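Given next, in structure tokens, is a single chain: the form predicted on its own.
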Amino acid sequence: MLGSAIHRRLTSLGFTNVVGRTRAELDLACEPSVRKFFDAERPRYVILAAGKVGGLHASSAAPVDFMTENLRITTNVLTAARLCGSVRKLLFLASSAVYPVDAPQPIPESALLTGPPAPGNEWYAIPKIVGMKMCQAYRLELGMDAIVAAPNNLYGPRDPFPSESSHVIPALIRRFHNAKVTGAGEVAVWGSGYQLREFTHADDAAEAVVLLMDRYSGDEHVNVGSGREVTVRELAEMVREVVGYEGRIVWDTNRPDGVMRRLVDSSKMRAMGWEPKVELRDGLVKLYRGYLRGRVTNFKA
């Protein structure tokens, strides 16, 4: 999702030699394949946006896969970037999941490693922390210009819509759409709904990433967040309206809420001139339209 948005952003700015690979074309968890790719392409600038992602249910259900695949991707790409000899600058995409569950709000970059990640998030967060520290080590020992961005709760085009492993926005869109189509009278949503969440559109995050590649060179990572919070209840109502579902929402309080609040302090990013542009409702409308187009395409196939 974010990788595609970054590619679109670079193309819109006139860059013509943007090299990317899909998961089917290049398995970043396979070290020989990654080394072969870097030796053949010899890139000057690298943005690592790939990784195994999913919601709290997905990472809790498959902790081994989340830990091992993300660790392999991170170490393989950073090692190949170091060894190929052509890379001038590298940006690693981390996540706000790296922060402790009791971090101050909004969360400053300095909160990293002041406590453990939230339960259930650690399987995804720890590999991201490893990547962040590898970038610092590369900068310290090797002089590589390796930087890190930590975005918060991204959504947008190409956000996956699998059954129970997706993030909250695609999960809600899928559930409300299925209920609308089948005529179901209610939709169950996990948790109390009182959790506060900050959502950032992938296109806004991509703009931040490109800006960081152009203007930032520092040891500390940089938060990337919209600064706009909604409760999950407010989000669910918004998605219900966008989808056009007229049934009721039932809150399954036997399911976990996860972290009750995670708002990142993006003042450092904003000081560079970045401001998010996509309003949440507008982004949801576009995402639902894309979801409908995808369903038609898959049906025809």
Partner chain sequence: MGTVTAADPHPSFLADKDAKVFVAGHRGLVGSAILRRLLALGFTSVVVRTHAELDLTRQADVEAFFAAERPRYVVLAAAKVGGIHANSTFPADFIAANLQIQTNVVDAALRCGSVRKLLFLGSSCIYPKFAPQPITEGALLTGPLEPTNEWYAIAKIAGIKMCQAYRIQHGLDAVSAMPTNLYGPHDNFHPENSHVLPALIRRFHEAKACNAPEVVVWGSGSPLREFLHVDDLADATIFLMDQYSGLEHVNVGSGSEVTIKELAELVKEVVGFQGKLVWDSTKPDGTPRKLMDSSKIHEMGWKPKVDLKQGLVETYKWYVENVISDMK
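Numbering follows the first chain given and starts at 1. Bear in mind the structure is a predicted one, so any value in this text is a computation, not a measurement.
There is another form of this protein, the form predicted in complex with its partner chain, and it is not shown here; the text below is about that form.
Novice: Does every residue of 29, 65 and 133 put a non-hydrogen atom within 4.5 angstroms of its partner chain in the predicted complex?
Specialist: Contact check passed for all of 29, 65 and 133.
Novice: Go through 155, 216, 138, 190 and name the one with a heavy atom inside 4.5 Å of its partner chain in the predicted complex.
Specialist: Contact residue from the list: 138.
Novice: Which listed residue (231, 86, 114, 178) meets the criterion of a heavy atom within 4.5 Å of its partner chain in the predicted complex?
Specialist: After the contact test, the surviving option is 114.
Novice: In the predicted complex, does residue 126 have a heavy atom within 4.5 Å of its partner chain?
Specialist: Looking in the predicted complex, residue contacts with its partner chain include residue 126, since a heavy atom lies within 4.5 Å.
Novice: Looking at the partner-bound form in the predicted complex, is residue 71 within 4.5 Å of its partner chain by any heavy atom?
Specialist: Result yes; residue 71 sits at the interface with its partner chain in the predicted complex.
Novice: Please run the contact check for residue 145 against its partner chain in the predicted complex: heavy atoms, 4.5 angstroms, yes or no?
Specialist: Result no; residue 145 lies far from its partner chain in the predicted complex.
Novice: Is there any non-hydrogen atom of residue 109 lying within 4.5 Å of its partner chain in the predicted complex?
Specialist: Residue-level check for residue 109: no, no contact with its partner chain.
Novice: Just to confirm the contact call: exactly one of 201-209, 86-94, 117-125, 178-186 touches its partner chain in the predicted complex at a 4.5 Å heavy atom cutoff, so which is it?
Specialist: Going through the listed ranges, the match is 117-125.
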